[in-house]
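Take a look at this single chain in structure tokens; it is the form predicted alone.
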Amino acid sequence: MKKHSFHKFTELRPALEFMEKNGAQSKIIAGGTDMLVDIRKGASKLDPVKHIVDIHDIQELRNIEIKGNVCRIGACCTFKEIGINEDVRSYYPVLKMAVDRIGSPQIRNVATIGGNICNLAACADSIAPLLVYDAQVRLCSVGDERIVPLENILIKPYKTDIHPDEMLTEIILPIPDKDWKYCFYKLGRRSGVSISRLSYAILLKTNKDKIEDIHFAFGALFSVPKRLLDLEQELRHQTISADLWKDVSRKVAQKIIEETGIRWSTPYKIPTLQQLFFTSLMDLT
């Protein structure tokens, strides 16, 4: 096992100062549920890493609070803390549904939402719900900070647009109104402690038989979790029908094939997704 120097911080400023000097050779952990596995395996992606930076006990990164018209979730909040939070349960039920199905209770006790984003596995279960809620992320360095839409930092599997001297400190979610119907679906090899084969999150707002607005995002289907904004725009103000939902499901499947090509899992995933997504849309209407 390759050895790394270990640095634990309890305040944000010293951690950012360390990253300013050593960020290119450092890896941040909070829960460490992915990183520790990679370290034990001797994963090649850790070859440039000399320093492990533990931010688990930085308390200002562990808050969930409503401020004005947004909810701020600290990057070091665990999935258990998110799942039992009353504001999350009330305003973001799709996120609640997703985090309750991540891993096992032991994993949810330590794994963090910031880590799920920064590790950026294609199957990261919290990201699709965050995308449909129009999440932004706050990225801090010693001399600056930037707040950007979450989708802007999702580059490719295990690669985000977070600079070496930056740290993801919080996720910012606008408060949605109460008119949204919602769904989260995850398909794995088993019902618990399962890695997603596919997942999706849906928010739907209707006005009689018309689509007033719709958001949907997918995990474990594209190279990174993704919303289909063009298709959402196309659907607004259309009349709801079974034929429309069948057409939407076909278009989603086609977009996946266009981006990822035909892979070994495609003959299974595509028809399965089409049927499940169609069924979910029908159940919502």
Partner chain sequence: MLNDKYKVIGKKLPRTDAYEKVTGRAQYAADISFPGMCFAAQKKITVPHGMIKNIDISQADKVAGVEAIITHKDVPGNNITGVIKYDQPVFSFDKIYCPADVVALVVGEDKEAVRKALTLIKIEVEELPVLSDYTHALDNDALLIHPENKSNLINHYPLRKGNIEKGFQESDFIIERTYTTPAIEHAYIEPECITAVPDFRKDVYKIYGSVQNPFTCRRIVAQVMKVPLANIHIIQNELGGSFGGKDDIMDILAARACVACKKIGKPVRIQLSREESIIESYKRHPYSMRYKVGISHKGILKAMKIDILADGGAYASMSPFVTWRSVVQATGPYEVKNVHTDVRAVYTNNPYTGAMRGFGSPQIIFAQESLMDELADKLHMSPIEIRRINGYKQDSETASGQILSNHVVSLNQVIDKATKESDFEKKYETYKAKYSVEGNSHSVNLILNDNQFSAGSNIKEGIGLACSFRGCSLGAEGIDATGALISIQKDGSVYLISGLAENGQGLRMTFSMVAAEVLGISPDDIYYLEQDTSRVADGGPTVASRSTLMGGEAVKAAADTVRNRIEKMLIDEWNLDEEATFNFADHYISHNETGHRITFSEACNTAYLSGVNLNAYGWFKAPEVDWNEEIGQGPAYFTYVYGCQIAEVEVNAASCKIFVKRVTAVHDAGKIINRLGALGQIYGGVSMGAGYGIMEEVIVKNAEIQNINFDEYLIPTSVDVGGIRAFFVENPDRFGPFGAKSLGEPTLEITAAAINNAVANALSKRFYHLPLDLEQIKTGKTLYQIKK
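Numbering follows the first chain given and starts at 1. None of these values were measured; they are calculated from a predicted model.
The next section is about a form of this same protein that is not shown, the form predicted in complex with its partner chain.
Contact annotation for the candidate site: Trp264, Pro271 and Thr279 all lie close to its partner chain in the predicted bound form (heavy atom within 4.5 Å). Comment: its partner chain is not present in this chain, but in the predicted bound form one of Ile66, Leu46, Ile257, Leu231 has a heavy atom within 4.5 Å of it, namely Ile257.
Contact with its partner chain in the predicted bound form, defined as a heavy atom within 4.5 Å, holds for exactly one of Gly188, Pro157, Pro149, Gly83, namely Gly188.
With the partner left out here, its partner chain still marks one of 158 to 166, 117 to 125, 175 to 183, 193 to 201 in the predicted bound form; by a 4.5 Å heavy atom cut-off that stretch is 193 to 201.
Proximity of Ala253 to its partner chain in the predicted bound form: non-hydrogen atoms within 4.5 Å are present.
Contact between Arg40 and its partner chain in the predicted bound form is found at the 4.5 Å heavy atom cutoff.
Residue contact check for Lys50: none of its heavy atoms lie within 4.5 Å of its partner chain in the predicted bound form. In the predicted bound form, its partner chain sits within 4.5 Å of a heavy atom of Lys246.
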